[in-house]
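Here's a solo chain for you in structure tokens, the form predicted on its own.
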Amino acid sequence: MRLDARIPDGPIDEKWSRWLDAHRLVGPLNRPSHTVIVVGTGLAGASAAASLAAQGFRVKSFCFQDTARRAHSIAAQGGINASKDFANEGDSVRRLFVDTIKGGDFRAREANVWRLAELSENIVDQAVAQGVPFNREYGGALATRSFGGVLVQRTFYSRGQTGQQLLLGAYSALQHQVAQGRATVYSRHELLDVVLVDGEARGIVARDLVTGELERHAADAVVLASGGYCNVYYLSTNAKGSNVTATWRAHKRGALFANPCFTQIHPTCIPQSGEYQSKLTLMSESLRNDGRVWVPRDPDEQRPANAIPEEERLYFLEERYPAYGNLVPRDVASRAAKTVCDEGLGVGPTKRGVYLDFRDAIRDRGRAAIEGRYGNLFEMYQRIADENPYEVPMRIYPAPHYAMGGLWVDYELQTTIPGLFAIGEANFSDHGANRLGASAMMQCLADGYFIVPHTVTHHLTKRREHVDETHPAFDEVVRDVQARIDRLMAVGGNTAPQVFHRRLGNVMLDRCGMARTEAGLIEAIAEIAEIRDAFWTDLRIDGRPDHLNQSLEYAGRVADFLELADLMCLDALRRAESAGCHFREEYQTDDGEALRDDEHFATVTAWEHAGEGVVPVAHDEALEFDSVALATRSYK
């Protein structure tokens, strides 16, 4: 299989405009005859569904939550990047492009990243027009702040709830289209498979999570906006319901899965307090603008944090990375925190934490200024940790947060299955081996508002016969889905799916988390196989399949995670280098930084499903760097 990214010719800053000028259009009177399915109602899904419906297409929007506005995007906190340079620092599209390529450790496709940087300015204008309440300076201009991996203030924010406010804007736009009769939202529905007709995506089979009924939905194109897969680690910052099922089932139908080993560990999360926890809580990276990260220099330190004098504090990020200090990228900050904790300098009951201290910022700027920026985050921390961060430092530690890997897509965000598109965190395309903070919401809204409405339109101009739910292909897929449900229900074991999920998460975090080794990955693959065998022989599911059954839902998602985990470890084993979040301990510089191998791995690795029990096939897309020179990433 040859991977054709279909990147337009011409200078990088003209590629998208040239594509827009040349792409085919569907006339307004013909658009209502086309149906588009959008799976997921987060920032990417809601914005795509609203935009496609506003163009005049019939849109079916699916989510497994009880309402579209409960998508996990609502949990995003710190902000959204845009190269508008309101801070008058000399920012530009090129600077945002270079920072994103560098932040991803030169493992992203240049053309897609430039387009993202180019469209970033439009996103903020769109959100302001929708009434998103961004923070503003005293004079009324939109306020900005810095995030990790950059030296400018390009992040627009709404206190610590930017994701919620942006999602409400996209959700409102979608609900307007629902009211106009152009969009229908199917809540409490979960995609369980994609339907192909003559090799093209022409619909889905979804399960009504309230009644248990399997439903058929036909369409002329399918857009997956179902998010990432970091819940493979069990403990992550993702919502408990976040899963890989939509993209994984598409993968098993023929969509290639790219760079699955690229998963981001976020440096600022509230540390785990016990085995009883089922998820972790994110504390926005924006806190590193004003908070200083440190640990005691003495591993036997027993005094409260505020009693430790300045000279006995190790500000390890500031000392190791003087140019960026506390604002180094997430992968760098996370590994540094793990290192000091491994050296015995960690804080808190488990000694797996570091301090994030606002003492100096409150002294210099006043409590009111800090509260105006982060008030809801401080309140959230106090409710969870029972400590007042205005008076004592927060305790933070890295946690799984975001997946840079996902379905392989070309420049048009189309997967290797014609008619099947993947946007937002569901695809691999923009972040390389590490995502810069505040770039997730930027990608989701660029994909949903400004890219996929045009690329889907271009696809819909191809002539094809109308397909409805009576097509035999739907019968076949329904049989496959029902057979899988029957297999899960028939195991009849004694162990709940959560137990297997926790076991899998422990293996993945230990062997395929912040650091990986060849030996550890080989062991992980063997252990995952053992867990998977135990799952299919001792799984217990209560209730009936033809009814509300959250145990069945969860078991299906865990089964997919067990298969994905194997591919993640295989991908990490094959990539014999360190790049961004993928840190192979065998490949590091003398001072402990990631050591890339550009000769062999300046590539996207896209995996083809070869059948049950068969080793998947790897396909490589070579990455070319014409607009920014390959260089060793340094934040010192």
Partner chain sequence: MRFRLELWRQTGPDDPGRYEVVEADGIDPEASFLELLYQVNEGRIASGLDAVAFDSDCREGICGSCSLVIDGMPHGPRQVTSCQTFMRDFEDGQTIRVEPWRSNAFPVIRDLVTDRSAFDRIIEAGGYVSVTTGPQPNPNSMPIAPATQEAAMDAAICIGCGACVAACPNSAAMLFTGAKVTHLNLLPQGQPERRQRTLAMVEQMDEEGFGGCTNHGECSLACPQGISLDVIGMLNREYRAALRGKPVAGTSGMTAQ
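Residue numbers count along the first chain shown, from 1. Predicted, not measured: the structure shown is a model, and the values here were computed from it.
The following text describes the form predicted together with the partner chain, which does not appear among the structures shown.
Among 513 to 521, 171 to 179, 481 to 489, 101 to 109, which stretch sits within 4.5 Å of the partner chain in the predicted complex, heavy atoms only? Selected range: 171 to 179.
In the predicted complex, is there a heavy atom of the partner chain that lies within 4.5 Å of any heavy atom of Asp66, even though the partner is absent here? Looking in the predicted complex, residue contacts with the partner chain include Asp66, since a heavy atom lies within 4.5 Å.
Using the partner position in the predicted complex, report whether Thr350 sits within 4.5 Å of the partner chain, counting heavy atoms only. Contact with the partner chain, no.
Answer with yes or no whether Thr457 is in contact with the partner chain in the predicted complex, where contact means some heavy atom within 4.5 Å. No - in the predicted complex, heavy atoms of Thr457 and the partner chain never come within 4.5 Å of each other.
Does Ala141 reach the partner chain in the predicted complex if we count a contact as any heavy atom within 4.5 Å? Ala141: yes, in contact with the partner chain in the predicted complex.
Please state whether all three residues Arg70, Arg383 and Leu548 have a non-hydrogen atom within 4.5 angstroms of the partner chain in the predicted complex. All of them do, each having a heavy atom within 4.5 Å of the partner.
Among the candidates Gln302, Ser278, Asn306, Thr537, the residue which, in the predicted complex, approaches the partner chain to within 4.5 Å (heavy atoms): Contact check passes for Ser278.
Sole residue of Gln264, Gln77, Gln414, Thr155 within 4.5 Å of the partner chain in the predicted complex, by heavy atom: Checked against the cut-off, the match is Gln77.
Within 247 to 276, which residues have a heavy atom closer than or equal to 4.5 Å from the partner chain in the predicted complex? Stretch hits, in order: Ser273, Gly274, Tyr276.
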